[in-house]
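Encoded as structure tokens, the following chain is the form predicted alone, with no partner shown.
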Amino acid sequence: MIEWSESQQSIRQMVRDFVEKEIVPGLDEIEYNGVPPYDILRKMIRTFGMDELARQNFDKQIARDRAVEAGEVSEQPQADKGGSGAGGERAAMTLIPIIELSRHAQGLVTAMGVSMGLTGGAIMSKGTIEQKERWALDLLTLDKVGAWAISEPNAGSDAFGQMKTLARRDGEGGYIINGNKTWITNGPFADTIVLICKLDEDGVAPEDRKIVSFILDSGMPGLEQSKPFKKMGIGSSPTGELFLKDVHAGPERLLGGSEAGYGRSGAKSTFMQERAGVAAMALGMVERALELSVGYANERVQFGRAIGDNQLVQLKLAKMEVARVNLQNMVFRYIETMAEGRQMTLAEASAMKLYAAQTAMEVATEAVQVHGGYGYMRESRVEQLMRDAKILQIYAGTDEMQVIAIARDLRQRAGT
């Protein structure tokens, strides 16, 4: 794949038109003035039929699950086994809105992706049929807002090792949960929360405790959701804190229906999904930064000529274009990988995330430099791109953790 197909280009233009018409005019309200982003995201989802597609896929999955449960089907199908190409088209249709939204408001992607992709996806991947029917569909259509809660004040990169939030069996099949979570995307407004914590068992050392997950609802006694944090960037993605004091969760809320249903491996696979989308976010941001920089370099006149005539400015623009091409090729490679019916290795996904995050930050910083004093002003928009880009180097695993993951995976696959 070396370019978008005609149908993909057509869809991308329609999404771009929607974003520029429906989102950009009111961007300051959701970025800076605290207006929740969910209504405009729902409008986009419904405009492009994403909700109906989600319902159709949900019905197919539930029917398949029931067939498996009844013994009519022996196993779940392998996605696009043999390389039918359908997985690639689905991947492209998922990434196109991410790219277009990230050109103006990367936070919208984060808010939508965590709700539909991480929270809804976790339930669809590991939940029981009853849990899927009770909670998942509303998340997949964004009729309800979801949050995926793993990070804690002392448990960021070392999410499992430093985790303090605990669930203790209540002796009647349920659990009592205590602790708090922070930096939780959608936390202030979430209707449904997938909460990852440790199982508190007598005689089990903290480092050996099981990782368990629960599906919680807003308004449950003992569950408090903070107001949105004030952040450096991605203001259109509300972030907050969760406080849990003696929250009672019945056995029906244990994700997967057992204490082994969604443990460390489930959480780690969710991180993999996040990393694949970062390249698409970075591509949208780099494209926009380059467009704004080229336009300004042509228009801004100093010492009698456009600043774009200066070689140092030309070098910045050229490097931005190299970055754009590299990111686009990464996105295309991911789509082709999905079309072939295979998954990226941990090293590949982490390398893609690492490069994309660093590149977005570098390009956004240079875009501000090209714009000079104007670039430091909020109205220029390149300053927003620079602030938004920084989070790509932090969430879904910091740059430093990506390096560790890449090296570790390479060594393990080499047998070292």
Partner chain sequence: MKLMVSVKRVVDYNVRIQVKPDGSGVVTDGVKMSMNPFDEIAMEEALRIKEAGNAEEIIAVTIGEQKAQEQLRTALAMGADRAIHVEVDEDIQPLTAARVLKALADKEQPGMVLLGKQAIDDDQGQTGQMLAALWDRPQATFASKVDLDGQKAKVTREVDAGLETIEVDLPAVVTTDLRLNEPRYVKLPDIMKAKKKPIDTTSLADLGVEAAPGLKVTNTAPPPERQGGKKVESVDELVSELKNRGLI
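Residue numbers count along the first chain shown, from 1. As the structure is a prediction and not an experimental result, all values here were calculated from the model.
Below, we refer to the form predicted together with its partner chain, which is not included among the displayed structures.
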property: In the predicted complex, the one of Glu287, Glu89, Glu259, Glu201 near its partner chain [non-hydrogen atom within 4.5 angstroms]; result: Glu89
property: Single option in Phe48, Tyr355, Tyr38, Phe58 placed near its partner chain in the predicted complex, where near means a heavy atom within 4.5 Å; result: Phe48
property: Its partner chain in the predicted complex: contacted by all of Leu317, Glu321 and Arg378, heavy atom 4.5 Å; result: no
property: Candidate stretches 49-57, 357-365, 29-37, 370-378, one within 4.5 Å of its partner chain in the predicted complex by heavy atom; result: 49-57
property: Phe18: touches its partner chain in the predicted complex, heavy atom cutoff 4.5 angstroms; result: yes
property: Contact flag, Ile11 vs its partner chain in the predicted complex, heavy atom cut 4.5 Å; result: yes
property: Ser7, heavy atom within 4.5 angstroms of its partner chain in the predicted complex; result: yes
property: Close approach of Met93 to its partner chain in the predicted complex, 4.5 Å, heavy atom; result: yes
